[in-house]
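As structure tokens, one chain now follows by itself in the form predicted alone.
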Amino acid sequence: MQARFAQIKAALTEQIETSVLKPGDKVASENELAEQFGVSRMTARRALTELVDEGILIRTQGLGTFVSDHRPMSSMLTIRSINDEIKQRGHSYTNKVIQQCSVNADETQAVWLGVEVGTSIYHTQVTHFENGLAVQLESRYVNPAFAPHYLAQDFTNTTANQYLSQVAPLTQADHIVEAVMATEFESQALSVEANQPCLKVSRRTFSAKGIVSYAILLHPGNRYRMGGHLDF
């Protein structure tokens, strides 16, 4: 039998998916939900808190809890594999591997990875889908010194993030977020119109021994968001 808090989550999710509750609408309070479902306030609070954590609802202190923007949201404060993010939302994850090969680092790529120009490095391009809709085009360059078997991996069954976290555990990262216009290739890979505004995340990750990878993560602006919560 489904737990009571899960029943509340399912009921609220159904109302959102059927547009009974729309982005920006205020949802019932903990007390109202507790009375409506015949549960404790703690149970109602757990249901709301989990929906907030999943990005479906957003809580505003002093005002209440509201339906979030419909676009999926990725955290700016943590680095997680995109398939984990999508599955946590209860959605279906699939991908398409576009490229998986070795290239000789040009001047820009050499700076990204801290290697000499002309060094053989690994390159992958993968489109990630949420419920069949493209939400991210990942173009990643990897230093073979820290992941020598990278190109041998089946990236239809795992992600680069998951694999690199195992062989070269992340110790630090830096990233830049900016708005860009999609190129023709990027538009085709993401199945969006030409010159679609996109959210571009450029991320460099480090292990204890050095720079492991540099990834360019491109999201259609009308399908994805980034955010986070800070406590002070």
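Numbering starts at 1 and runs along the sequence shown. Here the structure is a predicted model, which means the values were calculated and not measured. Think of the rigid core as the biggest set of C-alphas that the two forms share within 1.5 Å after superposition.
This next part talks about the form predicted together with the DNA, which is not shown.
For the three marked residues, H123, A152 and A189, no heavy atom of any sits within 4.5 Å of the DNA in the predicted complex. Of the candidate stretches 191-199, 178-186, 60-68, 160-168, only 60-68 contains residues with a heavy atom within 4.5 Å of the DNA in the predicted complex. Remark: V39 counts among the residues lining the DNA in the predicted complex, judged by a heavy atom distance of 4.5 Å or less. Taking the partner from the other structure, the DNA in the predicted complex has no heavy atom within 4.5 Å of any heavy atom of M226. Interface membership of E32, defined by any non-hydrogen atom within 4.5 Å of the DNA in the predicted complex, is confirmed. In the predicted complex, T43 approaches the DNA with a heavy atom inside 4.5 Å. In the core-superposed comparison between this form and the one not shown, the C-alpha atom of A179 has shifted by less than 2 angstroms.
Relative to the superposed core, L217 undergoes a Cα shift smaller than 2 Å between this form and the one not shown. Relative to the shown form, the CA atoms of I58 and V192 are pushed 3 Å or more farther apart in the predicted complex.
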